[in-house]
Ligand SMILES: Cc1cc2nc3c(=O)[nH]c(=O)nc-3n(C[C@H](O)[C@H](O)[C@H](O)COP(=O)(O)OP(=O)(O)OC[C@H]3O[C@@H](n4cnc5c(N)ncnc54)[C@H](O)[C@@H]3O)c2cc1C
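Single chain ahead, written as structure tokens, the form predicted on its own.
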Amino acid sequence: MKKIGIIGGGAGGLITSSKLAKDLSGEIKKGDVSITLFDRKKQQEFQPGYLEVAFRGEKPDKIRRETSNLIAPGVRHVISDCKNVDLDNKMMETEDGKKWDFDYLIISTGSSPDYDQIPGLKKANMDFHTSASKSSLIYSRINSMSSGKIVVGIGGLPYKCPPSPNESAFMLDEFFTRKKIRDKINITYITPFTRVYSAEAINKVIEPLYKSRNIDSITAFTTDSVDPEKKELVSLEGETIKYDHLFLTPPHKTAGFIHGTEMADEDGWIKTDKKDLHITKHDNAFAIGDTTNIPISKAGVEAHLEGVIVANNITSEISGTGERFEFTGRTQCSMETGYHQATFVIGTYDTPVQEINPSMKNYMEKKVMEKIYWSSLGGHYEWLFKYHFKNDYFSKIS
């Protein structure tokens, strides 16, 4: 029996396991293949929906689903997180002390806020990257506001969902404009980059919107510390910013079992081949999604497309077809700019990010993807992904 282990039950782990279960259904029925998904979370959340919870008042339960209802038939769910991995001996241990052997391993454990990097930030900040429940606290806060200075933006690098800090600024502007108190609210966006958005093509699109909507921006501001009592941000560059309310995107980190291991780089991210996603020096182990050190955005679409690549290659090796597939580096992050308008951050390894103007059409496409999200994790819309991404869906090399 070929044993496939998948660590992490988020978007990447679910799409990979469902595709493997479908493509290897015959082998699973015969007992030649087993697929085991390791994740202690009994519920999954639609993380892009945190913005809707924080700035539009969406109920947290609306963006949650039971993990058991998302796992494909033929996949075993072990409700325990990973404690450590031994890639050389093809073994892993879960937090309950049990050891598991594998022939193939996929690590898709994502990333999470790392407040330890910036003194004072955790006490002062309210973020929309930790959970739906914490995101809802922001909506309670802004509903009680009648004036004041809000500071939003990038608190540290790296972080997941690159457009989300900009989206928070646009959504706050819309919220207070509709509430008819925008003139009493100052919105200041901060970023360590030298422009409002790191990709120049997108910056050309959104920087004029900041100016027209009176959203202040401070670039090249690398947050070093926060004083919650004085309500001040201090940068590595020596600048100080006052605030009344702080909604920063915190820096992110990988799962604890990865740090300090042979598979991690000096910052704790898994050293991953950017084409076939194998973990350096281990052809039977793979990493997908946020947890990799691949120099692309940390977003759900990457985890999805990477999962398809890994599933295709494992299926090919087990079935003996000889086909090989590679990831193109395709990214497609939506960025809402308020008032039912949105743009997209689109690029590949070989194609720079495009300049795309906000439109209602883009906004509607974003909403359609939100509607089909949960079903897409089961592989039910792969025909749509293939049609939409065309040659960027994957690169077939043999």
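In case it trips you up, residue 1 is the first one in the sequence shown, and so on. As the structure is a computational prediction, the values presented were derived from the model and not from experiment.
Same protein, other form: the form predicted in complex with the ligand, not shown, and the subject of what follows.
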{"property": "Three-residue site S18, L105 and N312 fully in contact with the ligand in the model of the complex at 4.5 Å by heavy atom", "result": "no"}
{"property": "4.5 angstroms heavy atom contact with the ligand in the model of the complex for V151", "result": "no"}
{"property": "Interface membership of Y243, the ligand in the model of the complex, 4.5 Å heavy atom rule", "result": "no"}
{"property": "4.5 Å heavy atom contact, V301 and the ligand in the model of the complex", "result": "yes"}
{"property": "Partner contact for N166 in the model of the complex: the ligand, 4.5 angstroms, heavy atom", "result": "no"}
{"property": "Segment that reaches the ligand in the model of the complex - one of 127-135, 204-212, 268-276, 169-177, heavy atoms within 4.5 Å", "result": "127-135"}
{"property": "Stretch 27-53: residues contacting the ligand in the model of the complex, 4.5 Å heavy atom cut-off", "result": "F38, D39, R40, K41, Q44, Q47, P48, Y50, L51"}
